[in-house]
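Have a look below at one chain only, the form predicted alone, in structure tokens format.
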Amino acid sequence: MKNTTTTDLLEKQFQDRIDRGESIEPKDWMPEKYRKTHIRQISQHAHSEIVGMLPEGNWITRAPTLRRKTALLAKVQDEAGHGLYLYSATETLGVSRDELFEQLHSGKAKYSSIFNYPTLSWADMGAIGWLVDGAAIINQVPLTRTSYGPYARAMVRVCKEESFHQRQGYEIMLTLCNGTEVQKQMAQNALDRWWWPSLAMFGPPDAESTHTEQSMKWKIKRKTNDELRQQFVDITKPQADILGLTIPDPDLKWNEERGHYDFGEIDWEEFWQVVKGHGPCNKQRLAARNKAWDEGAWVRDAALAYAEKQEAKRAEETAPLQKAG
């Protein structure tokens, strides 16, 4: 009875801190469910950044100009950095990076379903930047105020760089739309294929989300899935109008009474099929990550051997000083 009472008191004090807007740090007491929720969410975010390098890496060698190639290289490099920040933040919750990698490579851990779709043309690089990174910004800016300090701090830089990625993607789409009719049609085709998966990125409807209510209470999330999705549609529709492109949704229209755009129903059956591993590129993505991990073993071994050698050298140099002391 005493343990239950103590736990209840700690949980109340914890929730009071959350309600006051205080930041939770790694050494602070936290409910086990809070810790596990963050491990799941931050690691999934990290996995998404790393797997998200693959669809774009596919186009680095085929970028149409040197300017486009260097910009795409920079973007992929940014995503690797985002994964590093986020894995580091996850480690503060008491889980090792090797364990996180094992969960990804075995298929146990999830990553964003959007990265299981193929990139069929150069216009897809524009659509991903404009839509996928645009959705990521809307989802991630509130995370700069999430209740767990290491995650919130990591997201500040991530969001700044994602903003660059979104502008880069939109500029690619704008260039294509101001080009030939074939180029504009390429942009339209990319929008047609990426629109609905981008809407699904925000997760299932609030009524079907198993994590939203608790995450909102703990201020892990600041807005619900449906609120974020509506914000994305409201921002993106006028951008499509500027491009002269048609969003592939016959139900999309302005609702004067609500002050928002109404839009059609997402194919949630397709979403869950992709989440469960049956998307167009699920097997390909995991195979690529496992191949990179296996072929990179010698680099990890070499880095570890070098670190051990340097540590031994430092110990040897300080030994006489310690003896003299």
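Just so it is clear, the model here is predicted, and its values are computed rather than measured. In case it trips you up, residue 1 is the first one in the sequence shown, and so on.
The same protein also exists as the form predicted in complex with ligand BYC; that form is not shown, yet it is the one meant from here on.
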Residues 124, 195 and 279 all lining ligand BYC in the predicted complex, heavy atom within 4.5 Å: no
So which stretch, 296-304, 41-49, 256-264, 25-33, is the one near ligand BYC in the predicted complex (non-hydrogen atoms, 4.5 Å)? 41-49
Contact residue in the predicted complex, from 211, 237, 97, 145 (heavy atom within 4.5 Å of ligand BYC): 211
Taking ligand BYC in the predicted complex as the reference, which of 225, 166, 188, 103 has a non-hydrogen atom within 4.5 Å? 225
Check whether residue 110 has any heavy atom within 4.5 Å of a heavy atom of ligand BYC in the predicted complex, and answer yes or no. yes
4.5 angstroms heavy atom contact with ligand BYC in the predicted complex for residue 219: no
With a cut-off of 4.5 Å between heavy atoms, is residue 275 one of the residues that contacts ligand BYC in the predicted complex? yes
Does at least one non-hydrogen atom of residue 132 fall within 4.5 angstroms of ligand BYC in the predicted complex? yes
Any residue of 115-141 that, in the predicted complex, places a heavy atom within 4.5 Å of ligand BYC: 115, 132, 133, 136, 139, 140
